[in-house]
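One chain is shown next in structure tokens, namely the form predicted alone.
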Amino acid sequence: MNILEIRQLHMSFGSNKVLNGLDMAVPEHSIFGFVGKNGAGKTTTMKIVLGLLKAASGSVTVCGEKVVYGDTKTNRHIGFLPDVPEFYGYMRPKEYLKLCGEITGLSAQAIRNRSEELLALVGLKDVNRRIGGFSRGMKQRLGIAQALLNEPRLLICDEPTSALDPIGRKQILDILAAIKGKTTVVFSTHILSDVERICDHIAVLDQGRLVLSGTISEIQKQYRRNSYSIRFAHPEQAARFAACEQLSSSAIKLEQEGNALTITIEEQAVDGQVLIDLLSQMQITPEKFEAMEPTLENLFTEVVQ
């Protein structure tokens, strides 16, 4: 089941066309990486999903219900973490979650139970100081707790790790990975390593359209080339293997760096077994032979103009 569906979404700001027929579907219980350069339209898309912006045309459904601009009924299914969450700095974490719970109509018991559970999840259970003194990472973690307070079926995070140090980024990613079984996560970012770490589905936005979409494994399979990394004991062995006549085809790209050789083969008829056989014939035993998967960075560079 798709928890979020976007169909033929168009949006412009003056003469600047931000979304140009965007089609996107987010499967339930996935961590969905929504990827694009800064200014690609990710935040605009999320604001439309939340009913905060009116699209020029197209439709958005959340849990099978149509999103209507200015009418937030579908938002009962959604938790939202903006890129820079705002808080009342004089409050403490439990006080803030109590306020949020009361605003949304939760019972006092439900607020206590959920607050304890969520503050433990985000590593703030024993923190009792005022939010105004929190670090950026602590505020992001509290923002996730607030966004999950009503047990939403969909959590939307807009660039949640962009301004964090490596430790803070790891903490946020670990939290998002931990809630996958209960909540679908749409994770907007331009940090590709974060997507590779926790996302199982990705969509790459460029010039208002999706240029890449699917599971990580599907996309890697689709764009896979016969690429191999071979490490030799000595640079002379790498040079000797690279110079052999069988590898002199225009369909074979060789890159040597010291005692390592990267070989990319465009012809499907030639694969790693051919290279292994050739190494055996030349009586060269490599220290390492590895088939290389395309990285998300490689794919992003290839599909984004």
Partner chain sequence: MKHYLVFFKKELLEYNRTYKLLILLLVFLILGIMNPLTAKLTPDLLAKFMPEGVSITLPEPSSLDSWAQFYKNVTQMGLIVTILVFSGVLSSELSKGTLIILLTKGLPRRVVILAKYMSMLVLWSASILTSFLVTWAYTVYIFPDGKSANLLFSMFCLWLYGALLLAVLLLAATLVKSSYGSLLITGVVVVLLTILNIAPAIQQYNPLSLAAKNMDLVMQNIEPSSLFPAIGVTVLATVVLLFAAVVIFRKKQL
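Computed from a predicted model, the values in this text were never measured in an experiment. Positions refer to the first chain, counted from 1.
The following text describes the form predicted in complex with the partner chain, which does not appear among the structures shown.
The closest non-hydrogen atom of residue 75 lies within 4.5 Å of the partner chain in the model of the complex. In the model of the complex, the partner chain lies farther than 4.5 Å from every heavy atom of residue 247. The closest non-hydrogen atom of residue 189 lies beyond 4.5 Å of the partner chain in the model of the complex.
Using a 4.5 angstroms limit between non-hydrogen atoms, residue 47 touches the partner chain in the model of the complex.
Although the partner is absent from the chain shown here, none of 169, 194 and 217 has a heavy atom within 4.5 Å of the partner chain in the model of the complex. With the partner removed from view, the residue among 212, 121, 91, 198 that has a non-hydrogen atom within 4.5 Å of the partner chain in the model of the complex turns out to be 91.
Between the partner chain and the residues 165, 117, 71, 174, the one pair within 4.5 Å by heavy atoms in the model of the complex involves 71.
Partner proximity in the model of the complex, defined as non-hydrogen atoms within 4.5 angstroms of the partner chain, places exactly one of 238-246, 52-60, 251-259, 275-283 at the interface: 52-60.
Taking a 4.5 Å heavy atom cutoff to the partner chain in the model of the complex, the contacting residues in 141-156 are 146, 147, 150.
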